[in-house]
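So this first bit is one chain, no partners, the form predicted on its own, shown in structure tokens.
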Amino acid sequence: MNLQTHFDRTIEKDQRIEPRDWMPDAYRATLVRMIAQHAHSEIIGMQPEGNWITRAPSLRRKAILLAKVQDEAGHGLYLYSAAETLGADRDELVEKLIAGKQKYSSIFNYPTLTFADVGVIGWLVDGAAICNQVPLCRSSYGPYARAMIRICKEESFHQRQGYELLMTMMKGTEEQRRMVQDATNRWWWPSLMMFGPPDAESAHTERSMAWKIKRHTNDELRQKFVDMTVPQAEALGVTLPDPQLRWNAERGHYDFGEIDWAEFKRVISGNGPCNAQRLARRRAAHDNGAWVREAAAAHAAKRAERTVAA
């Protein structure tokens, strides 16, 4: 049996490909692209909510937000480690990110204008992430699938935290309720864009599904998210900003309006409201942290020398 045949049979049997297994170059490249984009998204995703840590309205809310941002940093580290098992160099991936040569999720290029945005990001953005990422726990590549198990558990907690914050605000003042509705209006459509372009225009979906890296198409996941979120919005008492949103009994799903794909393309091309700011801050953090990386490397080298000497 040749290597390609063994790989194909492993995928067909729904078994895992591991780092030491032979894999086609295209499979490896697809995974590196996908995992790197996911890792970058977690790291850049620290910024919109991290912006509110010093302005959180209470010590409890500050602690919750600190914990969430810390979780996102951890997710990025898990994912960079998964990419390294494919032979990718972490420093090179980071350099590509800050040079604008690799993408991250379009959702993180929108501003957080009020503290209600923190709750809506937890509810909608993390809710969309859960829909997208839970199937990745069954990805055909072992290290990625295993990393996603812990990530999805923590994302689920983030989603509940966000929803709890919004429920609290909706029971508050009229101004707080307006803030929640305004944040929902601004984040709804970008959240739908998180799943990527429509299936007819997705360049990678068909191959990724054939390799069982992905388990569902972009449009299938988007529909699942809408169906899940509408009842939550009703319970919360907010209106989703889509006049075409309605239940279709024949399909057994909610119909929803057309997404502004021109805006999606502008944002992923680097022309969103916060693209330049996000990358500039990531670049500054990377440069300012150079001494920490150098010190850690020197310490590790000294420990290795002592171990050899002993």
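Everything quoted here is computed from the prediction, not taken from an experiment. Start at 1 with the first residue shown and count on from there.
Omitted from view is the form predicted together with a small molecule, to which the following refers.
K.L.:
According to a 4.5 angstroms non-hydrogen atom cut-off, is L279 in contact with the small molecule in the predicted complex?
P.N.:
L279: no contact with the small molecule in the predicted complex.
K.L.:
Applying a 4.5 Å heavy atom distance criterion, does L66 contact the small molecule in the predicted complex?
P.N.:
L66: no contact with the small molecule in the predicted complex.
K.L.:
Could you tell me if G162 has a non-hydrogen atom within 4.5 Å of the small molecule in the predicted complex?
P.N.:
The answer is no: G162 has no heavy atom within 4.5 Å of the small molecule.
K.L.:
Give a yes/no on whether Y78 approaches the small molecule to within 4.5 Å in the predicted complex, heavy atoms considered.
P.N.:
It does not: once the small molecule is placed as it appears in the predicted complex, Y78 has no heavy atom within 4.5 Å of it.
K.L.:
Any chance all of Q37, S106 and A129 sit within 4.5 Å of the small molecule in the predicted complex, going by non-hydrogen atoms?
P.N.:
The answer is yes: all three residues contact the partner (heavy atom, 4.5 Å cut-off).
K.L.:
What is the one choice in I149, A210, L113, A203 with a heavy atom within 4.5 Å of the small molecule in the predicted complex?
P.N.:
In short, A203.
K.L.:
From the list A82, M194, V226, L93, which entry has a heavy atom within 4.5 Å of the small molecule in the predicted complex?
P.N.:
Selected option: M194.
K.L.:
Quick check for you: of 238 to 246, 55 to 63, 41 to 49, 279 to 287, which stretch puts a non-hydrogen atom within 4.5 Å of the small molecule in the predicted complex?
P.N.:
Partner-contacting stretch among the options: 41 to 49.
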